[in-house]
Ligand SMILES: Cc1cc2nc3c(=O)[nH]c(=O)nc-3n(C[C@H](O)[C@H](O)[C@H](O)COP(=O)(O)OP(=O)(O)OC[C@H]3O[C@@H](n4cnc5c(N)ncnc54)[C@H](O)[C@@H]3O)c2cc1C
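Have a look below at one chain only, the form predicted alone, in structure tokens format.
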Amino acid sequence: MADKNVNNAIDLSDLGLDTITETETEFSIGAMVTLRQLELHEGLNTYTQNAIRQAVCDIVGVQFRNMATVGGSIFGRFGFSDVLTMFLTLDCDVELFQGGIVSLEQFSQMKPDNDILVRIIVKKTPGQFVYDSMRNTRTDFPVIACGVSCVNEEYRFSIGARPGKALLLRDEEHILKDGLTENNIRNMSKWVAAHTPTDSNLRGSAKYRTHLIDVFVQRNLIQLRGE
């Protein structure tokens, strides 16, 4: 989708970074792990209540997900990335070859450079997770992507395909301090929609995306409530 020339490429395929290692406290996901491995990993999907599977299952098709890597998805920080949008809802770090370990939230805001992403570290912090997206057709890029989580009693809202890269918001106004009541959910969804910058492209207008954010935050919070 670009016309730039790549003068130097680094092949990571023989460095043993294609596995997911689970311990009592975290998941260590190598940069060469495929999206299909994420989709099928029982431990990750048990921890996230299948939110990771939901985030990747509509990305093109199985053949593509067998080749596309989580490292490429995260390092690229693409606006349409379901993977980045989902992982921002987790208590998550990335390990860079030169930059060491930084939070994914911090990494997502860094400017692109020539460092190498080695692995993603997902901490098993107690939480609840929900993910959903709107696509014009099932295997297309999302018009909007929305991940919602409650990690250590902190609500997080990750909005991707704005069409800019995913943005993470928190309940700074403590709107949900009294729980997920109908009124609190409506107020929270409107707050997230109002504080998420959107733009227009061929898949949808900025106004449409803002409306979808309101809708999907409401839906995800209702699902988080257990309905």
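Note that the coordinates shown come from a computational prediction; the quantities given were computed from them, not determined experimentally. In this text, residue numbers run from 1 along the sequence as written.
One more form of this protein exists, namely the form predicted in complex with the named molecule; it is left out here, but the text below deals with it.
Checked against the named molecule in the predicted bound form, the residues 151, 116, 110, 101 give one hit for a heavy atom within 4.5 Å, which is 116. Though the named molecule is absent from this view, in the predicted bound form it lies within 4.5 Å of a heavy atom of just one residue from 90, 144, 94, 83, which is 83. When contacts are defined as a non-hydrogen atom within 4.5 Å, all of 68, 78 and 135 contact the named molecule in the predicted bound form. Only one listed stretch (186-194, 44-52, 30-38, 168-176) carries heavy atoms within 4.5 Å of the named molecule in the predicted bound form, and that stretch is 30-38. With a 4.5 Å cutoff on heavy atoms, residue 72 counts as touching the named molecule in the predicted bound form.
In the predicted bound form, the named molecule sits within 4.5 Å of a heavy atom of residue 140. The named molecule in the predicted bound form comes within 4.5 Å of a heavy atom belonging to residue 12.
For residue 60, a non-hydrogen atom is located within 4.5 Å of the named molecule in the predicted bound form, even though that partner is not displayed.
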